[in-house]
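Just so you know, structure 1 and structure 2 below are the same protein chain in two forms, each on its own as structure tokens.
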Structure 1
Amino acid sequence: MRAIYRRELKSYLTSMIGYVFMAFILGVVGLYFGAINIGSAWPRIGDTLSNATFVFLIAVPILTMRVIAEERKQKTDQLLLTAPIKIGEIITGKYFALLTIFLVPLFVISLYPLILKKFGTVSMGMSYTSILGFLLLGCAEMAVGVFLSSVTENQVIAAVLSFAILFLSYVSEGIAGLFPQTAKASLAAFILLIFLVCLWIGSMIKNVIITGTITLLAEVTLIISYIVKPSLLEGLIQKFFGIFNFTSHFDNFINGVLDINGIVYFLSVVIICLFLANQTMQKRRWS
């Protein structure tokens, strides 16, 4: 894992891409910092950071698109797959290299509250909680990028996919609002969702009978629960979209809540995404 980490980090630091990423994050955050915190004399850095979260939408796909996709394109992944290390270690090594690159601008940003402190009372607890939230949000989004980079061997597709998924998570609250709250709407949405999940299972095991049985079982359970207790499904689709809503968890940190649930949530996103990346790479080994 160390060797992978060192190799990756070196590749970022010897090419433009790592520096452009850092400069881009610092540039956007600096722009908002200058306008909100310095221009309007506002003591809370959280509002700057929550305005600047859109940098991830652009910076993360560009940074992560090549992580695994390029190995596949160059066929160097064959080397890695046959090397005497686990795939999990390859992915965590690559991910930690990305994190290291991200920590550099974050370190610079964490000096900003100290600048503000010179000019009045600034709540340090609130400031650094906001910065922690920004860090966690970035970590989660980079993990999403790593996973999507493993799905395809085309870097551009990986970048576009990451952007689309991250964008969907930004607007997930709005999408959830489009659906009515009723049990019927949830039923319809979940019938579709079960089909999609089963389609994925089908593509994995390539077996019509087993896939069909699973699909049938899941759909019947859903419909029975709708008939027996429709209130169970009320607003469920909104809750489902809530799972993908990074922003709502991030907002807690901005509002001065050191939210343990939020930390667990973001770490879960990282774990699931890295695990899925691991699984897609494994799949290449056996199929």
Structure 2
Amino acid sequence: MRAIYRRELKSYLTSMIGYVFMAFILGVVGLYFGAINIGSAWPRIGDTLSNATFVFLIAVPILTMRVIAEERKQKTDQLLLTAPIKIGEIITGKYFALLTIFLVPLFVISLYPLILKKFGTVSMGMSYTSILGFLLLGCAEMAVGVFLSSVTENQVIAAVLSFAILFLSYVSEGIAGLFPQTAKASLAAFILLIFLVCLWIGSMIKNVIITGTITLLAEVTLIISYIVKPSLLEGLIQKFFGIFNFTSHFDNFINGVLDINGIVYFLSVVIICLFLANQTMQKRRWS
């Protein structure tokens, strides 16, 4: 794992992509810091970070698109897959290299509360809780990027997929608000979602019978639930979108709350996405 980590980290530091990522985050956060905290004499660093979360929508896909997709395109993944090393160690080494690149701008950002304190009273606990939330948010979104980089050998497609998923998460609250909180609206939305998910599963397993059976069982179960107890579906689509809303879990950290549920949520996203990336590479190793 150390060899993978060192190789990945070196690749970021000997090319422009790592520096672009760090400069972009520092540039955007620095602009908001100057406008909100310095210009307006506002002591809460969390508000700066909250306004700057959109930076991940652009920076994360650019950084993560090549993590695994480039290995597949250049066929160097064959060397990794046949090497006496666990797939999990490959994924973990690559992910830790990404985290290291992310920690550089985060270290600079962690100095901002100290700068603000020179000019007045600043809640250091609230400030560093906000920075912790920003760190967890970035970790979760980078894990999403790693997984999506593992499903294709095209870096552009990996970047577009990462941007699309992260953007949907970013606006998920607004999308959920488009649906009425009725059982009928949830039923229609879930019928479509189940169809799309099963379509994706079918493209992965290449088995029409299994895919059709899963789709039929899921759709019939949903319709029976609606007929038997429609109240179960009321507002369910809003709750579903809420699961993917990273920003809502970040909000508590902005307000200085060390949200254990939020920490568990972000770490769960990281573990699930790295597990899925691991499974994708395992499939290639044995195919």
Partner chain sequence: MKFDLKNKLSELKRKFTFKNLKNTFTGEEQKKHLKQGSYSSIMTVIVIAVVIVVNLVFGQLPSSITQIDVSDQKLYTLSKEGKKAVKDLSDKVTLYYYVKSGSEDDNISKLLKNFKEASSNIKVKTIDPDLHPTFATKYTSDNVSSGSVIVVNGNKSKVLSQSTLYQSEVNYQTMSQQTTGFDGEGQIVSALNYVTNDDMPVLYTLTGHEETELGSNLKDSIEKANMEIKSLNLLTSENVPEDTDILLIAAPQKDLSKEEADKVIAYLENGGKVFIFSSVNENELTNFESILRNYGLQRDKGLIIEGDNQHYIPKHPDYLIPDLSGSSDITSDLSGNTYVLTPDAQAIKKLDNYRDTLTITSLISTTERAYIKNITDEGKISAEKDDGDETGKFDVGVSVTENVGDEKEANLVYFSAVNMLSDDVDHMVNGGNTSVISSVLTSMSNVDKSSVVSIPSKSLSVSNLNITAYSASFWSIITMGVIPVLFLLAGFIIWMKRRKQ
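If you're wondering where the values come from, they're calculated on a predicted model, not measured in any experiment. If you superpose the two forms and keep the largest set of C-alpha atoms that fall within 1.5 Å, you have the rigid core. Structure 1 provides the reference sequence; residues are numbered from 1 along it.
K.L.:
Of the two forms I pasted, which one is the form predicted together with its partner chain: 1 or 2?
P.N.:
If we ask which form is the one predicted together with its partner chain, the answer is structure 1.
K.L.:
Looking at the motion between the two structures, would you put residue 41 and residue 71 in the same rigid part?
P.N.:
Both in the same block.
K.L.:
Relative to the larger rigid part, how many degrees does the smaller part rotate between the two structures?
P.N.:
Value: 7 degrees, smaller part relative to larger.
K.L.:
By how many angstrom is the CA atom of residue 224 displaced between the two structures after fitting on the core?
P.N.:
For residue 224, the alpha-carbon shift amounts to 3.2 Å.
K.L.:
By how many angstrom does residue 209 shift at its CA between the two structures when the core is held fixed?
P.N.:
Spelling it out: core superposed, C-alpha of residue 209 shifted, distance 4.8 Å.
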